[in-house]
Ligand SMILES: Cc1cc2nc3c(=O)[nH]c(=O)nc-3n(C[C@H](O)[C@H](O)[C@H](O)COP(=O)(O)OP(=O)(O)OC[C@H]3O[C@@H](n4cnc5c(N)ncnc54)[C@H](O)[C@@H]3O)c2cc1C
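Just one chain follows, in the form predicted on its own, and it is written as structure tokens.
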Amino acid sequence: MGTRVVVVGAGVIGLATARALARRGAAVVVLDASPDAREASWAAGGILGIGSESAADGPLFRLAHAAMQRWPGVVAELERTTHVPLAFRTTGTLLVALDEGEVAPLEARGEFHRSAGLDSRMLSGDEARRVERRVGPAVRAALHVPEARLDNRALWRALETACRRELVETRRGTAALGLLRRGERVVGVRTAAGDVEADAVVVAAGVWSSDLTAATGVTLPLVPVKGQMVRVAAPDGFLGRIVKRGPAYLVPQDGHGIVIGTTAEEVGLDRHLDPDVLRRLQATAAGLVPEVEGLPRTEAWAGFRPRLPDLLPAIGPVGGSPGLVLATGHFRNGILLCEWTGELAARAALGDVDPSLAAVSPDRFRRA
């Protein structure tokens, strides 16, 4: 029998990790406290934002670059094996400027992108409107970034289906209450339904991950950053690209209208939706694409992005606690990084730690 691994968290990162482990012969159990797994993976916008999230070189950009190179193959394989269409589109993102003060940072970002092999290009306002005809007259310039998007909820369904095909056991509605330890070694997870023993444990529980790590000497200062979002009805083709300015964005999703986001609120785990905030989100979006102002709202929701102080995720083994691997803290990049994180975390759980994980090691949060 292969190595037995428990993965805590059934979002896209946990499922990608479980799938990668099962494909390497491990026996995998996934635990998730939520009965329907509707947390950050479900609440995301589906942006694979390699360039819109990075304006300079660093560990995050390098992780994103490696992740982005994998996505076309991953999508093709998942769609072929699960028959779940992911609406993967590579038409790119327009990062827009509304005044002259915003143009120079976009130009600098574009210069970095090109130096890193990403063919981003500056457009005047008129050029941006020729590329994306519904962009409003207030847009002075834009950086066209060749990145991608997909349907994040479809991605979750595809990964869940893929895990079932790989005989991964998923126990939703089962909260991980603590880690089982034998000496320093982590040997499983304690739940209300009983102990689940394992050779290794991967914690991929988003903002709830720190609840399990404190006893190991790693105190993850995770902050749940609440994002309120809305969906409006629009025909396919209403927008061909993501349109984004700062935290405000419009993401076209085939067959599902336009997703408009988002706020960045540090209010704990308060899921309350504020009608005034939702109206402001749509009004802000209308400043970029005026025609969305009158589109009917079909859905509104909030999610919690797990943010660490240095804005990097925590991926890899926990020093001094053999058998424990973390995969959390992805903040705004969970969808982009999920498959590559899953690969790296699975390898680490089986004893193969990629050197690239040094920059995002959980041990940077180890107590002295």
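A residue's number is simply how far along the shown sequence it sits, counting from 1. Because the structure is predicted, anything quoted here is derived from the model rather than measured.
What follows is about the form predicted in complex with this ligand, which we do not show.
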- Task: Tell me the stretch among 115 to 123, 90 to 98, 198 to 206, 274 to 282 that has any heavy atom within 4.5 angstroms of this ligand in the model of the complex.
- Result: 198 to 206
- Task: Note which of Val145, Leu212, Val289, Leu78 lies within 4.5 Å of this ligand in the model of the complex, where distance is taken over heavy atoms; exactly one does.
- Result: Leu212
- Item | Selected contact from Met68, Ala55, Val29, Ala37, since only one has a non-hydrogen atom within 4.5 angstroms of this ligand in the model of the complex | Ala37
- Task: Spell out, yes or no, whether the shortest heavy atom distance between Thr216 and this ligand in the model of the complex is within 4.5 Å.
- Result: no
- Message: Just checking whether Ala18 would be counted as a contact of this ligand in the model of the complex - the rule being heavy atoms within 4.5 angstroms.
- Response: no
- Message: Check Thr174 for me: does it contact this ligand in the model of the complex (non-hydrogen atoms, 4.5 angstroms)?
- Response: yes
- Query: Any of the heavy atoms of Asn333 lying within 4.5 Å of this ligand in the model of the complex?
  - Reply: yes
- Scan 37 to 57 and write down, in order along the chain, each residue with a heavy atom lying within 4.5 Å of this ligand in the model of the complex. Ala37, Glu39, Ala40, Ser41, Ala43, Ala44, Gly45, Gly46, Ile47
